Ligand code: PMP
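Below, in C-alpha cells: the form predicted on its own, a single chain.
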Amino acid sequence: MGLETLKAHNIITREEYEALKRRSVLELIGSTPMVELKKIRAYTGVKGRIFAKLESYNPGGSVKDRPAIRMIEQGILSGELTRDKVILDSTSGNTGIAYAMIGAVLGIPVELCVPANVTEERKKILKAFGAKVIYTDPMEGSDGAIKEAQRLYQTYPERYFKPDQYNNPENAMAHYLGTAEEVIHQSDGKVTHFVAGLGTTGTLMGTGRRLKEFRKDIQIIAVEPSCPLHGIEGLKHMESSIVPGLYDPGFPDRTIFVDTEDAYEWVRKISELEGIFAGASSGAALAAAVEVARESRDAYVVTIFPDGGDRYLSTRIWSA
C-alpha cells in the first residue's frame, strides 16, 4: 500500500509517528529518578532501606505516561488508531492527563470518562490539554467511568479508538520493558521487595513479572485501600470493584491494606522530612513500604510514587 493510499485511508505511518514524537515532550517519558528515603528510615527506625521512584518527573506528571504512550503507539502501528478516530477511555485522572498530553502532541482528539469527584487540579489540567471530559457519578468512582466509556464505545465503535487501560496488556508491558529495567539498574540489582498500589494494576503486574524473572526471591507487594469508600485517588479496593483484566490476584506475594488517613499522614511526612511533594497514592505506597522495611535489616525496598502533590492541593490532605 503506497503512501497516498495510506493517507486516503487515514493511516498514520510509523515514519509520521516517529517524526511527531521526535524532540517533543514524549521523548522525556521514563528514566525517572529513584531516591533513598533516609530520613523516613531514621524517623521510623525501620531495619531495611526504602527507595522511591519519583514518577512525577514524567512530562505528564505521573507514572501513567508510560502505559499511555505505549498503548497509543501500538494502536497507531497496528492501524487501529487512525486520523479519523478519537481516543476514548475511562480514567480517575492521571492516565487521562497522559492521553490528553500525547493527543495534543500528535494532533489526535481525546475524550475521557472521569468520576466527577476527581480533584479540581486534574480537571483543570485535562482542560488545558484540550481533552473533552464526560463526568460520571462520583458515588460510582472509577467503575462508573469504566461503564460509561464502554457504553460510548459500544454505541459508536467507528468513532473511537479505546486503549482500555484496565485490560490492555500493553499497559503492563510498558512497565515490564521500562519501569522494571530501571529499578534493576538503579538498585544495582539489589532490590529485594517491590511495593506498588493497585489501580489498573499494570505497574505491579508488569514490573513485578520482570523482577521475578530477574530474581525469583524478590517479593512483590500489592497495596490497596482498606475499605470500599476511601480517599486514595487512583487506587482500587479490589473486593468491591470491577477487577481489571490485567490483574492476577494470585501473583503478588502479599497485599497490604492502608487506611486513607494513614496515607494522608504519610504524604505530609514525606514532604516534611524528605522534601518530596507527593500524591495520595504515594502516601499509601510508603505506608506499605515502611511496614515491609520493618521486617528485615537486609530489605532493599523499592516503591513507586505515582504522581506529585500539586494535584491534591484542594483536598483535605492539606486542610488538616
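Quick caveat: nothing in here was measured; it's all calculated off a predicted structure. Residue numbers here begin at 1 and follow the sequence given.
One more form of this protein, predicted in complex with the ligand, exists but is not displayed; see below.
**Student:** Looking at the partner-bound form in the predicted bound form, is Asn58 within 4.5 Å of the ligand by any heavy atom?
**Tutor:** Output for Asn58 is no: heavy atoms all beyond 4.5 Å of the ligand.
**Student:** Please determine whether Thr179 contacts the ligand in the predicted bound form, using a 4.5 Å cut-off between heavy atoms.
**Tutor:** No, Thr179 sits far enough from the ligand in the predicted bound form that none of its heavy atoms falls within 4.5 Å.
**Student:** If we define contact as a non-hydrogen atom of the residue within 4.5 angstroms of the partner, is Arg66 a contact of the ligand in the predicted bound form?
**Tutor:** Arg66 lies outside the contact set for the ligand.
**Student:** Is there any non-hydrogen atom of Glu233 lying within 4.5 Å of the ligand in the predicted bound form?
**Tutor:** Contact check for Glu233: yes, within 4.5 Å of the ligand in the predicted bound form.
**Student:** Do all of Gly48, Ser187 and Thr192 end up near the ligand in the predicted bound form, with near meaning a heavy atom within 4.5 Å?
**Tutor:** Contact check failed for every one of Gly48, Ser187 and Thr192.
**Student:** Given that the partner is absent here, state which listed stretch (68 to 76, 131 to 139, 212 to 220, 234 to 242) has heavy atoms within 4.5 Å of the ligand in the predicted bound form.
**Tutor:** Stretch with heavy atoms near the partner: 234 to 242.
**Student:** Scan 290 to 306 and note down the residues that get a heavy atom within 4.5 Å of the ligand in the predicted bound form; none is a fine answer too.
**Tutor:** Contacts from 290 to 306: just Pro306.
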